[in-house]
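There is one chain below, alone, in structure tokens, taken in the form predicted alone.
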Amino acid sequence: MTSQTFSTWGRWVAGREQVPPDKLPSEFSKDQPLKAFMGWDGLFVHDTAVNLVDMARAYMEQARQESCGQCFPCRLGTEDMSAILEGICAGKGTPSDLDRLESLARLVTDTARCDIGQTAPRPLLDLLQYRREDFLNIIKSKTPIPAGHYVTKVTAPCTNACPSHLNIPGYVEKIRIGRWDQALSTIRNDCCLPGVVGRVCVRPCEFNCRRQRLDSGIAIRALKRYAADMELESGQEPPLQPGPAKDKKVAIIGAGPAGLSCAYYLGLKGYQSTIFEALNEPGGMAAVGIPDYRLPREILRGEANQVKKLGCEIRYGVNVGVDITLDDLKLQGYSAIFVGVGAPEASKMRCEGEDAGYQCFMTGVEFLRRVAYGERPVEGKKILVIGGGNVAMDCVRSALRLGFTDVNLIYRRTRAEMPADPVEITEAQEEGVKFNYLVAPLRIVAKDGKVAGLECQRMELGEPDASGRRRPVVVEGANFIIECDAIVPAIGQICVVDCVLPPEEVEITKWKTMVADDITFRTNQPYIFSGGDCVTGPATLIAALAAGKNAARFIEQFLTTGQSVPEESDYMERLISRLGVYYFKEKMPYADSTTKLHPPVMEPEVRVNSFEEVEGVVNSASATKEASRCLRCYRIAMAAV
């Protein structure tokens, strides 16, 4: 039998399209075939040797363990189904057990409040419909069957979308029942900067929330911040304890999110680390690239201090590659090195005059860095910012707070293609930023060595490019000049790993990023690991945190065993992501009309006058109400390997 003759995967009750058999993954890891897969959307089989009855037993046992007990049918139903399947596999089943199984499975599917109960019985019902004979043969033989080897993972659409795979339904549920402290413990299992992420995360989880299929997604980021704010308000110290002290130490280059995260999770295991940071404070680009109105510096510093309490030393003002070298680190007895230097330099605009050294021309990265240190980096009243991402939004909104009265954003596509957070775009518009769409820079106009304007081209949208966004095409003969006092391009960032580590020591790409294994984060040098922007190129803060967390696990493995080998759970995560957890066309069996929580924000006319935090604190009643909107969309995945 192959997956072509038996596959129910992709056959949603609500009408999901069938996944073609040739599109179903057949490999679990590089050297390990995938024999069968059982999950929330059915099952498929590649190897006829897999005993599907035993696999159903293992799957339902996992469902029993995951059932929270808050709804009666699921708690008792999964327990009964698990017991019946255990009996069948032990050679003690009867034909009537199958009718009982089917009845229970349908009852739980129809009455459970959350998706553990609504989806877990689905593969069992498929087996009872298409492979009932397998059950009857085992029942007839009265012979116990051996247990197979399975890899199990519990996920959710939001969890799968989060780079660090936070147990989002878990911490949201804790908030619902009033236990913000337990919610925070759950968050810290996978995210060491909850107050930071609760303010500036780009929220991939929210864009993969199934609640959107009913009305609007859960305000996941706001709930994370709520838990962190409650801890601050209570005055309680996080219950963090370093693990038993180990005799090996780790050097970490960069105190940005990746480096802090790596140090945090190593500290929990008892490993002392030293972070070497070029700036004079922790956070990397989060400290000098995200304005205080979005991320107050005391929040970032406070959470970085928790990392230090776990045994990490941070040495500021140290440029690795200049003040200290790789050889120096080895001589100082560091057994492993983690590189998390980020992407601190600006991309070129490819615009005539950008390298001429004109006054009041400055990259967005440098502009925000100097704003962070209390400067007004460029002079004048009218400023042009080029770009469409969050850095560009930070630049225009900071310019307003610095006293510029005519703030313009130049973007070569339309708002629909802008990669910036929609909330940032809306708030910038509320504050008075002027958006100039379908405009691209061509030439900087200068007078007496100072910026005087920008010659631009009109654009129109053509066919989609590699990113899926429609490609901007020049409208011939439609050039024009915008007069201005300052120009700030914010179109992207680049890495400078080659300035930190010698290329002869580590493999570096033409984009000046490090080459590292995408699971273990290990480079071609066994003792050097790397993660975050300096490997992937500019990405998100939560992705950098995830890289640091996961790298710490493989660094510990290296320090303990001398190896860094992916675990089955790592391959399972990859498999689940390939299959896809969130189905954006899903038709929900009912409609609803609740309203998503929107945290209070300072009025535009007030907030533009200072760098005080724009977003306010969510109260407990609002947080509880929002948490109760969660559908608890857990999914159980099981692979036979």
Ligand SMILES: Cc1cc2nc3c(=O)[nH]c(=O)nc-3n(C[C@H](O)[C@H](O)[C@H](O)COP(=O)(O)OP(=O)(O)OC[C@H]3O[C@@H](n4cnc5c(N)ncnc54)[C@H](O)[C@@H]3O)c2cc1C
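Numbers follow the displayed sequence, beginning with 1. Every value quoted in this text rests on a predicted model; they were computed, and no experiment measured them.
Here the subject shifts to the form predicted in complex with the ligand, a form of this protein not shown in this document.
Proximity to the ligand in the model of the complex, taken as a non-hydrogen atom within 4.5 angstroms, holds for one residue of Ala228, Val391, Ala551, Leu409, which is Val391.
Put simply, of Gly531, Pro121, Pro489, Gly77 only one has a heavy atom within 4.5 Å of the ligand in the model of the complex, and it is Gly531.
Across the proposed site, Ala258, Gly284 and Ile290 without exception bring a heavy atom within 4.5 Å of the ligand in the model of the complex. For Asn319, a non-hydrogen atom is located within 4.5 Å of the ligand in the model of the complex, even though that partner is not displayed.
Ala183 falls outside the set of residues with a heavy atom inside 4.5 Å of the ligand in the model of the complex. At the 4.5 Å threshold, heavy atoms of Arg294 reach the ligand in the model of the complex. In the model of the complex, Cys192 stays away from the ligand, with no heavy atom inside 4.5 Å. Residues with any non-hydrogen atom within 4.5 angstroms of the ligand in the model of the complex fall in just one of 336-344, 139-147, 432-440, 89-97: 336-344. If you take 622-639 and check each residue for a heavy atom within 4.5 Å of the ligand in the model of the complex, you get nothing at all.
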